[in-house]
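Below you'll find only one chain, the form predicted alone, shown as C-alpha cells.
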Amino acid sequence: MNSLVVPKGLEGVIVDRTEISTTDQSGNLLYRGYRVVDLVEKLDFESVALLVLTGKIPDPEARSRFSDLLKTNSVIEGKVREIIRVLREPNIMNNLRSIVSLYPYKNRKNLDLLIEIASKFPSIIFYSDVAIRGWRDIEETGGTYAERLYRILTGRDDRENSKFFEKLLIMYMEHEFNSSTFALRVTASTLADPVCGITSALSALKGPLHGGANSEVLDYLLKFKSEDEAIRFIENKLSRKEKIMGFGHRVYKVKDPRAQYIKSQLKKLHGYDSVMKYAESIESYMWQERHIPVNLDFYGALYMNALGIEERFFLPVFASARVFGWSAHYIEQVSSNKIIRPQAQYVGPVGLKL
C-alpha cells in the first residue's frame, strides 16, 4: 500500500466526511446546512442541540420531550456527589473528566447514553464548585438548559442574561473536526463506548491551544489602562514570536463570523467601554499588521465576563455546549466506521547494535 505524506498537524487534510457541520465559501459556520447566526436568532439551545444530534429541527413536542429528558437526567446520585465532595478537586475540568468516566449511567444505547452524559454536565459543575466554595441554595433542574447552567454559574435567575448566554452556548456547540472532536472520533473508531469518547474529548479540550484560550484572553485584556499599553503588549508578544490567544484559526483565515456575531451581542449586552475599545484596537492591529483574524475565544471571554461568569467556569461552559456536538460525531463515526490508524514517518536511527 502506498503511503501519503501529509502536513504536520493534518492542516488542510480531509480525513473523512461529515453531515454535521462545515464552513461555507462565504465563511459562515453551518450546522446541518443552516447558518449558525440564523439558528441563534430563531431557535433555542434545545432545538439546535436536537438538530445537531438528529439532523432535523424538532417540532414543539419533540423539543419539549428532549428538554424534559435533559432535566431528569441531570440529577447526580448521592454516592457520586459524595465522591466529588471528598475529592475537592479545584479544577472543574478535571472533575468533569473524572466524573463522566466513572458515573454509573442507566442507559446503554448510544444516543440515550450520550444524552444522559451531556445532561449531567451542569450538575457536575455545580457540585464541583460546592465542594470547594460551600453550598449554594439554588434549584439545579428548573428552566431551560441555558437558564439552569447560568443559574449554576452565577447564582442568579436572570432570563434576559440567560438568553444572551444561550447565544454563546449555541455558537460553541459544534465546529466540525476540531481537536477535541477528532480525539473523540479516534476513540469512537475503536468502538470504545460513548463514555470513553466524551472523556477523550474533554482531555483534548483542556489544552490552552484549544478550549483553554479564552481564560488567557481575559487575563491580558482586563489589565490594560490605555490603547497604547494594549498595542505595546501585543507588539512585545509578537516580537518574541509568542502566540496571541484569541487570534488565528485553522478554518477562518479572513473573518470568524462567530466572533463578529458575539462582538455585536456584547455591545448590546454591555455597551461600549474602555475594555471594548482596547479589544477592537488589538483586533485592528492584528489584522493590519499580520492579517490574523480574531476568533470566538477573544470576544467570548469578554462576553462571559460581562454576564458575570467567573473565569474558572469559562472552559466548563465550552464543554457544556460542545458535548452535544461531540455526541453527534460519536454517532456518525460508529454508524460508518473504520478505525482511524494513520502511519508515522520514522526519522530516528536504524541499525543500532548492542
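A quick note: this is a predicted structure, and the numbers were derived from the prediction, not measured. Note that residue numbering begins at 1 and tracks the sequence as displayed.
Keep in mind that the form predicted in complex with carboxymethyl coenzyme *A is not shown, yet the notes after this line are about it.
Here is the short version: of 238, 111, 138, 269, the single residue with a heavy atom within 4.5 Å of carboxymethyl coenzyme *A in the model of the complex is 238.
Scanning 243, 85, 163, 71 against carboxymethyl coenzyme *A in the model of the complex with a 4.5 Å heavy atom cut-off leaves one residue, 243.
In the model of the complex, residue 208 approaches carboxymethyl coenzyme *A with a heavy atom inside 4.5 Å. Residue 39 falls outside the set of residues with a heavy atom inside 4.5 Å of carboxymethyl coenzyme *A in the model of the complex. Proximity of residue 277 to carboxymethyl coenzyme *A in the model of the complex: non-hydrogen atoms within 4.5 Å are absent; the residue sits far from the partner. In the model of the complex, carboxymethyl coenzyme *A stays beyond 4.5 Å of every heavy atom belonging to residue 90. With the partner left out here, carboxymethyl coenzyme *A still marks one of 286-294, 23-31, 306-314, 39-47 in the model of the complex; by a 4.5 Å heavy atom cut-off that stretch is 286-294. Taking carboxymethyl coenzyme *A as it sits in the model of the complex, the stretch 308-334 comes within 4.5 angstroms of it through a non-hydrogen atom at just one residue, 318.
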